[in-house]
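Encoded as structure tokens, the following chain is the form predicted alone, with no partner shown.
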């Protein structure tokens, strides 16, 4: 017997895709393979880079859909969106007119484009994280950088979900964010204030689960183990992190991006219709260990 995950007729907004390696890219492929229509919301400065990954011959293998499904990743649209800006008025004057900022790329502007493209939204995937001082340990992080990390990496989940909510009306949608174990354990090299931002993200997801639950929407978090994405290389010695997980996790192995994508696929499907307000660990069980 085959138990299908069928997302046909659903529209998924996938945020934070910046390359063909990270979790967001793999999540988008998994959701499309299950039948969902994909709209990518990427940072304005990386949209041209993502466009190359979506079109160049060199990346054809990375675009192939999983599960043996024919075809490749083809989003309905790639939209520039700076999640730190709620409206055009929030975009600093110095940035307006720069590459990627020639138009209104605030949340309000991005969702105006989304509304013009699709009649509804069912799935919102939050893969956004940033700190301007990611290489600094917490005691050395400035207040400004700390608050930027909170704004971009945490509050943006609430802002995105609220912006998508009118388009999710009557759809019993699913909102999924990505986190890391540093939200609840001391991971000294996870700097830039990101540990606090991930803790806020997980706390906010539980509150959103309550407020969005009255509409039938679910809000969950996937806490991923270390993975060698381009962004992760700025956090610390990612190779050591992966090796430690492989050696000391109950399953004695590292994770890959498809493990995370499959967990998100589950949380977006009817198989998880009564799962909300939870954090699902995809780290080979490493979070359960005391040593």
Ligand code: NAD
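This one's a predicted model, so the numbers in the text were calculated from it and none came from an experiment. Residue numbers count along the first chain shown, from 1.
The same protein has a further form, the form predicted together with this ligand, not shown here; the description that follows concerns it.
- Only one of 83, 73, 114, 164 comes within 4.5 Å of this ligand in the model of the complex through a heavy atom, and that residue is 83.
- This chain appears without its partner; in the model of the complex, the one residue of 110, 127, 149, 208 with a heavy atom within 4.5 Å of this ligand is 127.
- Looking at residue 198, you'd find a heavy atom of it within 4.5 angstroms of this ligand in the model of the complex.
- A residue is said to contact a partner when one of its heavy atoms sits within 4.5 Å of a partner heavy atom; residue 229 meets this definition for this ligand in the model of the complex.
- In the model of the complex, this ligand sits within 4.5 Å of a heavy atom of residue 179.
- In the model of the complex, this ligand lies farther than 4.5 Å from every heavy atom of residue 254.
- The stretch that touches this ligand in the model of the complex, counting heavy atoms within 4.5 Å, is 74-82, out of 167-175, 212-220, 74-82, 117-125.
- Relative to this ligand in the model of the complex, residues 18, 190 and 224 are all within 4.5 Å by at least one heavy atom.
- In the model of the complex, not one residue of 241-277 has a heavy atom within 4.5 Å of this ligand.
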